[in-house]
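Next up: just one chain, as structure tokens, the form predicted on its own.
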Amino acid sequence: MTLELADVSVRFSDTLALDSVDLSIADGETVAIIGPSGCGKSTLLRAVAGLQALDSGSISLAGRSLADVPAHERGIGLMFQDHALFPHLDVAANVSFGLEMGGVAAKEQASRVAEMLSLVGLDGFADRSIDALSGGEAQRVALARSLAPAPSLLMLDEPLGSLDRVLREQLTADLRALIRELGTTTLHVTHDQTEAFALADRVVVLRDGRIEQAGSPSELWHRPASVFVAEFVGHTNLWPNPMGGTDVVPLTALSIVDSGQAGDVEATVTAVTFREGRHLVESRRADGSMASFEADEAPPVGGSVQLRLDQAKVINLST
């Protein structure tokens, strides 16, 4: 189902939480909303869900205005970071909650619960207590509950933020595959750009209630529209360009040259971190700007390094 936000604004006292936001999400598309704390991510999600009134603008789903539609009648599935499961109900009762509220017959409920639990990899969990679940299992139950009523739109609010890295990466992959399989239109709110890039077809960067940039993960990484976007998606090397603007220098644009050879850039190593088989080296140039790069061997902290710069990979931002 296509979701349309047109000129949406929400104000809290003197703060404009959402400022004339226009956003369209196509049928079956997954869009992630990212941005710093207080940028309006959660307000946008609450507005779509019907939990936050608009000061101006409109929201429609499949061409139908949601202006006078109560939250529980919008056909939206919600999944939260803290699971929001009912501890006094077992897994099956949690998953069937929305079905029961919708007046679905008990026999059909049971069939749908079994289908959803199988879909999220929890066959045999129907009678389990919520207290007996691991964090990952609880999130899968929450997802099954969100999907059980076959929502027109699935909304994820920081769904994996409370999980450890390994489990988060596993569930990200599982969630991506599941959303693709079902073809469910999905709006995903997160502070984690890595998670957003892994899940979304398109990523929207919010800043102070306005859309700073929207595009595919590749577009945001390779063609950031501003220094703000470049920094938020993870670029650390931002250098003033003598001809004007700012140069964004990806990690892959810098490499250490052999000992005794002159490079294009000289920097002083400030920190070295081992990650995923290589060393992330943080260094600074004479003007104070960072020159981070990856290397197979770790140079000594405090030492000077000569770096080769691949100018073809440098992104110049004129503003």
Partner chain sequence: MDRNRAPLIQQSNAERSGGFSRIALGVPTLFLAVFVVWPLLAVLARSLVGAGVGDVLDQLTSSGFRSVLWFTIGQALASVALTLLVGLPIAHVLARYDIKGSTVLRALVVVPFVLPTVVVAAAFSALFNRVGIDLDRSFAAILAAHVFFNVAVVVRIVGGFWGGLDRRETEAAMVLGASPMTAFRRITLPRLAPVIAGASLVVFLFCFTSFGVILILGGPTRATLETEIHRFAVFRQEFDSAAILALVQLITVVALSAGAARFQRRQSLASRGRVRTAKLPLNSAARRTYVSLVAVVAIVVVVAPMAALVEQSLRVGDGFGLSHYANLLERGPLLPVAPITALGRSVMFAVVAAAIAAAVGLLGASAIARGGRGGRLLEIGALVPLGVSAVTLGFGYLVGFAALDFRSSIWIVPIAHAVIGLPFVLAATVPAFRSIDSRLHEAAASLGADPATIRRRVDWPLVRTPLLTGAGFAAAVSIGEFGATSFLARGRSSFTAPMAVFRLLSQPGQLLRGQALALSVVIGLTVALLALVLERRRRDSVSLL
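For clarity, a rigid core is taken as the largest C-alpha set superposing within 1.5 Å between two forms. Numbering follows the first chain given and starts at 1. These numbers were taken from a predicted model, which means no experiment stands behind them.
Keep in mind that the form predicted together with the partner chain is missing from the display, and what follows is about it.
S.K.: Does the partner chain come within 4.5 Å of any heavy atom of G77 in the model of the complex?
M.R.: Contact check for G77: yes, within 4.5 Å of the partner chain in the model of the complex.
S.K.: Within 4.5 Å, heavy atoms only: does V227 come near the partner chain in the model of the complex?
M.R.: No, V227 stays farther than 4.5 Å from the partner chain in the model of the complex.
S.K.: Give a yes or no for P87: in the model of the complex, does one of its heavy atoms lie within 4.5 Å of a heavy atom belonging to the partner chain?
M.R.: Output for P87 is yes: heavy atoms within 4.5 Å of the partner chain.
S.K.: Could you confirm whether E181 comes within 4.5 Å of the partner chain in the model of the complex, counting heavy atoms only?
M.R.: The answer is no: E181 has no heavy atom within 4.5 Å of the partner chain.
S.K.: Let me know the one among A173, A71, A110, L167 whose heavy atoms come within 4.5 Å of the partner chain in the model of the complex, would you?
M.R.: Result of the distance check: A71.
S.K.: Answer with one of L280, V265, A49, I256: the residue that has a non-hydrogen atom within 4.5 Å of the partner chain in the model of the complex.
M.R.: None of the others qualify; the residue that does is A49.
S.K.: For the interface check, one of 245 to 253, 118 to 126, 210 to 218, 91 to 99 should have non-hydrogen atoms within 4.5 Å of the partner chain in the model of the complex; which one?
M.R.: Flagged stretch: 91 to 99.
S.K.: Using heavy atoms and a 4.5 Å cut-off, decide whether P36, K41 and D55 all contact the partner chain in the model of the complex.
M.R.: Per the other structure, none of P36, K41 and D55 touch the partner chain.
S.K.: Align both forms on the core first, then report whether A105 has a C-alpha shift of 2 Å or more between this form and the one not shown.
M.R.: No.
S.K.: Fitting the rigid core first, would the Cα of V227 be found 2 Å or more away between this form and the one not shown?
M.R.: No, the C-alpha position differs by under 2 Å between this form and the one not shown.
S.K.: C-alpha of L182: shift of 2 angstroms or more between this form and the one not shown, rigid core aligned?
M.R.: Not so; L182 is displaced by less than 2 Å.
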